[in-house]
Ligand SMILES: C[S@@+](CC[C@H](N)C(=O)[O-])C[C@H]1O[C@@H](n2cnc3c(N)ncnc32)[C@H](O)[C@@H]1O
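Next up: a single chain in structure tokens, the form predicted on its own.
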């Protein structure tokens, strides 16, 4: 895949299992090598966030050691642990993927951070199993595009935040150019996706009762990470085909090549949104 031109061949798309593949094989050294080449600092992420970007998000949120943060779509739990270690705060992570939660719980126990980080299996599309005003902040990294009924979700997230609580999330599939039906199909081949135009997130945030504080385009990380991820996997193709099977390997390579092409050309872009509960 050519970085300078963003060239990628996009054949017919098929559904491909990214998350069960990533979390089911999370502990293998092969996948750890891929993550290190993709992100530089491997803290167990499977999104487009890097350590430098995540630390910057902590600052934008104004997090303090006394805060209790909810990580929605926590995946392997590594980012929740990274957040707790970086700030000193308590973190509760929720995710629907059971393998991801099991991996995360093992990481937390290994790190001896059970008093700081709690991970729960939870269908985050449903009303969250927390009382009103439980959390000081919510983070949701590159997961919102997988969740239907976004307006209702924002209202529920507002409910579990304390007055003055902050919400920060990234949306990696904001439509900012022309995208073909084949490209949409390949970009969404790893699960349920919702694509929205610029302005949709802003409108839904404010309609839920949040005060919008910041909107910023952060596509570069997605373009860079998708290229590195694709290349790191390709250089280990033989081992990964044995682990995943030929069809899954090829499907994930198509997916990553398409992510890179669309983000490099800014036809699908990634934005970060920061908002606050005012009362």
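Numbering follows the first chain given and starts at 1. The shown structure was predicted, so the numbers you read here are calculated from the model rather than taken from an experiment.
One more form of this protein, predicted together with the named molecule, exists but is not displayed; see below.
Enquirer: Any of the heavy atoms of residue 149 lying within 4.5 Å of the named molecule in the predicted bound form?
Expert: Taking the distances in the predicted bound form, the answer for residue 149 is no, it never comes within 4.5 Å of the named molecule.
Enquirer: Quick one: does residue 49 come within 4.5 Å of the named molecule in the predicted bound form, counting heavy atoms only?
Expert: Yes, residue 49 lies within 4.5 Å of the named molecule in the predicted bound form.
Enquirer: Whether residue 171 contacts the named molecule in the predicted bound form should be assessed with a 4.5 Å heavy atom distance threshold; does it?
Expert: No, residue 171 sits far enough from the named molecule in the predicted bound form that none of its heavy atoms falls within 4.5 Å.
Enquirer: Residue-level question: is residue 142 within 4.5 Å of the named molecule in the predicted bound form, judged on heavy atoms?
Expert: Contact check for residue 142: yes, within 4.5 Å of the named molecule in the predicted bound form.
Enquirer: Identify whether the named molecule in the predicted bound form is within 4.5 Å of every residue in the set 79, 96 and 124, based on non-hydrogen atoms.
Expert: Every residue of the candidate spot has a heavy atom within 4.5 Å of the named molecule in the predicted bound form.
Enquirer: Determine which one of 106-114, 71-79, 199-207, 160-168 lies within 4.5 Å of the named molecule in the predicted bound form, judging by heavy atom distances; exactly one does.
Expert: Among the candidates, contact is made by 71-79.
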